[in-house]
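Next up is one chain by itself, shown in structure tokens, the form predicted alone.
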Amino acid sequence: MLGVKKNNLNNFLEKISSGYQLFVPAEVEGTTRFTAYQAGVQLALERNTVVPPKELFFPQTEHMYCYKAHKQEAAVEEIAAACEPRVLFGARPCDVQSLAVLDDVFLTKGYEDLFYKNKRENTLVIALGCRKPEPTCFCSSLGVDPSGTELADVMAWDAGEALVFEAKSDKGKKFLEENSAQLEDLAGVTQPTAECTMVLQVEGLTAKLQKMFEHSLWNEICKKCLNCGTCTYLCPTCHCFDIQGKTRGESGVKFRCWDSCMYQEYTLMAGGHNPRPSKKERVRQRFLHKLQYIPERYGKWGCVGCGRCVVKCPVNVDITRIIKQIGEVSLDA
């Protein structure tokens, strides 16, 4: 297999960045996230990033179109959704799985979001397998192999002193061929395996939730939630957004920005009605969306088991405990 010694990794990344816009997991202003590669960047390869890579495909704020209005005349100008060829390096298998969920949302069922589509089509994904999943990781229970994924263009494994690469798509094969001069033959290296220590029982979970919309369990679960939205902003699959505009004089721009189903205003209608007026409805929506609605619509879980929401929730609203509670509770409660 081809690979690169870790002491030569920066040279390898430098070479990639000469031909592509390259994003790597790194320490940035006190947290870890994917950022554009540059000399001196502090790589964060030992653990998954705090901020997932979804912001590279679905930015927090994104201009959609401009407009001008003068007296009775108006004109709309589209904003190009172009994207330069780029490489996402070091995405964990759970985050690669999250891109599959976002692909379903933004590219299927009769509608294609061109902003998202152009970024996805122009991005080569190099996944990095986990050697030791965190105690809060549970991707294995949701069908994700933490040590590898077939959904990336190139799969990389940490083999101790080197990273080993294997092409998973034609695009990935071409990429490795183009950069073969930077790689070494690391024959004899085998792919390490990894398993999450946390195991959840999810068989029958969606079918049970289909009968629990009015269940009293939601009254208990919602009590300590602050509706702060931390879970949704750090979730690699959450994709709620709002569309707003800025107008100056006769011209302006419409843009979309991340929103959250945890916020009361998210479902507030112009006439004042709100179908999710309390924490109960908003918390219920979050978990039904992950565990019932997305599985029903797309045939895959809306949660990828990365554990970010478990770690960062300020009041310990824990999706793994909630899955266990759902499995144990009586439908008559």
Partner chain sequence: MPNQALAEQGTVMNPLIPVVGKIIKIVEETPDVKTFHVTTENGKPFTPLPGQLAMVSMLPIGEAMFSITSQGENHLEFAIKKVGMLTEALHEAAVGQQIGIRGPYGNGFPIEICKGKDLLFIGGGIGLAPVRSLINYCIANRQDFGKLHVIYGARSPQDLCFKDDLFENWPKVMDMQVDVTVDKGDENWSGNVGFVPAFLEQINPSPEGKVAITCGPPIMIKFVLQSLAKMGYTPEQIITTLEMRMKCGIGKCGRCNIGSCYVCLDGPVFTLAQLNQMPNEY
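Numbering follows the first chain given and starts at 1. Rigid core (definition): largest C-alpha set, two forms, superposition within 1.5 Å. Quick caveat, the model's predicted, so the values are computed rather than measured.
Beyond what is shown, the protein has a form predicted in complex with its partner chain; the following relates to that form.
- A single residue from the set 74, 207, 82, 226 has any heavy atom within 4.5 angstroms of its partner chain in the predicted bound form; that residue is 74.
- Mapping the unseen interface onto this chain, residue 27 falls outside it, with no heavy atom inside 4.5 Å of its partner chain in the predicted bound form.
- For the chain shown alone, residue 240 is a contact residue for its partner chain in the predicted bound form, at least one non-hydrogen atom being within 4.5 angstroms.
- In the predicted bound form, its partner chain lies within 4.5 Å of some heavy atom of residue 268.
- At the 4.5 Å threshold, heavy atoms of residue 285 reach its partner chain in the predicted bound form.
- Proximity of 275, 281 and 296 to its partner chain in the predicted bound form is complete: all three residues have a non-hydrogen atom within 4.5 angstroms.
- You can rule out all but one of 132-140, 180-188, 197-205, 100-108: in the predicted bound form, only 100-108 has residues with a heavy atom within 4.5 Å of its partner chain.
- In the predicted bound form, the residues of 112-149 lying within 4.5 Å of its partner chain by at least one heavy atom are, in order, 112, 113, 114, 115.
- Once the cores line up, the CA of residue 84 ends up less than 2 angstroms apart between this form and the one not shown.
- The two forms, fitted on the rigid core, differ between this form and the one not shown by 2 Å or more at the CA of residue 250.
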